[in-house]
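Here we start with a single chain on its own, the form predicted alone, put down as structure tokens.
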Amino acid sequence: MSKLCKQAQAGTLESSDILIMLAPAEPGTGIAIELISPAINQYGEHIEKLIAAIIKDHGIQDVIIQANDKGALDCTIDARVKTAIARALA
């Protein structure tokens, strides 16, 4: 189990990218994802599940995530979430 030490972010608001912001949450609160995306009706659930899966793979249980999507592909979302996690754990 990993615990975030501080807030961190990765990505940009440029087209085809996603801005991920992570913040530590109180123990027992779980994973909270706030997603903003122009394609939220088509891909919102998929994006949230992808972000949650990456967070869980890193053993993080309590985190607040703000994601501002600008049409990012899964590989971009994966890279941005992993980078934000690395920065938050440092």
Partner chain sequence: MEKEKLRRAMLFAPGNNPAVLQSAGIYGADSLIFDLEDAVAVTEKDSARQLVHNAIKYLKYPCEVGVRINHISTPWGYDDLACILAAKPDFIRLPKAETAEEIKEIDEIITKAEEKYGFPSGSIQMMGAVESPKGLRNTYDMAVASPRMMAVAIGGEDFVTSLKTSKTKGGKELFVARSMLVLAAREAGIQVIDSVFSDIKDDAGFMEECRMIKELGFDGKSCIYPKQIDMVYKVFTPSAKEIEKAQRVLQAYQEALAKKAGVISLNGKMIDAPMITRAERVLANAMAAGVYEKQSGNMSSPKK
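Positions refer to the first chain, counted from 1. These figures come from a predicted structure and were not determined experimentally.
Keep in mind that the form predicted together with the partner chain is not shown, yet the notes after this line are about it.
Novice: Would you check, heavy atoms only and a 4.5 Å threshold, whether Q66 touches the partner chain in the predicted complex?
Specialist: So Q66 does not count as contacting the partner chain.
Novice: Quick one: does A25 come within 4.5 Å of the partner chain in the predicted complex, counting heavy atoms only?
Specialist: It does not: once the partner chain is placed as it appears in the predicted complex, A25 has no heavy atom within 4.5 Å of it.
Novice: If you check in the predicted complex, is M21 within 4.5 Å of the partner chain, heavy atoms only?
Specialist: No, M21 sits far enough from the partner chain in the predicted complex that none of its heavy atoms falls within 4.5 Å.
Novice: Residue-level question: is T83 within 4.5 Å of the partner chain in the predicted complex, judged on heavy atoms?
Specialist: Yes.
Novice: Can you tell me which bits of 58-90 touch the partner chain in the predicted complex, meaning any heavy atom within 4.5 Å?
Specialist: Those in contact are L73, C75, T76, D78, A79, R80, K82, T83, R87.
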